[in-house]
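Just the one chain here, laid out as structure tokens, in the form predicted alone.
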């Protein structure tokens, strides 16, 4: 029972930040109707900005996280308005957003190498305490990660469901033309939504930097896991991404515990194949 509970808790903690990452991708798809293949690189950028503000500038942890996330938010809005918006504005943009975001991702990786170098960077744990109770062991750092991740998920849900801006996002996602007739500035909604989506990736990058370290290529595996969350949860479904993120974390945790770490990704990505076979639209996706 102790092993089961330990694996379950570890899975929920991992799933919390998977959900944060997945929501960023699913919101981008739901509103802008595009896949951002640079999502993992914004995660990387957030981690590097956090490193810069905390280790180089010497700011405390909380202001460093805020500055890192805000920096990625601004970069995302600038890239959307300056580059991506032109592709979305075409009558038939085809694969342009995919190619553009692929180029943006490569650009961000190379900029990171130029500014911070190729060597791994590290930041201290926010708290190095390890708790033990009832045979369970839990590092305070991971509990902090889960707390920030769940707080972020709640904030996103409140923003989308309870605010006028969130209603404008939903209206634009459903029908851009009708939203424009209602007086909504859809171009601004696109820009801010993209900024918020990549800022969510930055949140994960900041809080996970002490655990996994920082390097220019750290976004690759995160990008793939984000895709898994979106596909399993249903593209465009925020609630689905939360459920799928937690599910993915739990599946990975139990896979590692009972089959070894080598099977972790095999079983996790098998979820995608099973979902395509059983329910192609995802857990909360709508049938067309």
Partner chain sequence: MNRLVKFFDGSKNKMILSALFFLVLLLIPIVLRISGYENESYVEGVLILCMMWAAMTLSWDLLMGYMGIWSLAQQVFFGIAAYTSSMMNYYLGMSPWLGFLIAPIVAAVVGGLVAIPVLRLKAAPYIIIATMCLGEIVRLVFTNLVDFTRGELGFWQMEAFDDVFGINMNGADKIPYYYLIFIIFSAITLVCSLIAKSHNGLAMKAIRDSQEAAESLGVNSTEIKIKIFIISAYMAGFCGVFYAHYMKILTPTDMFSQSMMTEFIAMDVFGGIATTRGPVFGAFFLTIIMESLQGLDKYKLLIYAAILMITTLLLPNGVMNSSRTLKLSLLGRLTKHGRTESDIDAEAGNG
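Numbering follows the first chain given and starts at 1. Just so it is clear, the structure is predicted and the values come from calculations on it, not from any experiment.
Note that the form predicted in complex with its partner chain isn't included here; everything after this is about it.
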| query | finding |
| --- | --- |
| In the predicted complex, the one of 77, 148, 199, 104 near its partner chain [non-hydrogen atom within 4.5 angstroms] | 104 |
| Contact residue in the predicted complex, from 222, 235, 67, 247 (heavy atom within 4.5 Å of its partner chain) | 235 |
| In the predicted complex, residue 157 touching its partner chain (heavy atom, 4.5 Å) | no |
| Residue 35: touches its partner chain in the predicted complex, heavy atom cutoff 4.5 angstroms | yes |
| Partner proximity in the predicted complex: residue 99 to its partner chain, non-hydrogen atom cutoff 4.5 Å | yes |
| Residue 53 within 4.5 Å of its partner chain in the predicted complex, heavy atoms | no |
| Residues from 241-274 in contact with its partner chain (non-hydrogen atom within 4.5 Å) in the predicted complex | 262, 263, 265, 266, 269, 270, 272, 273 |
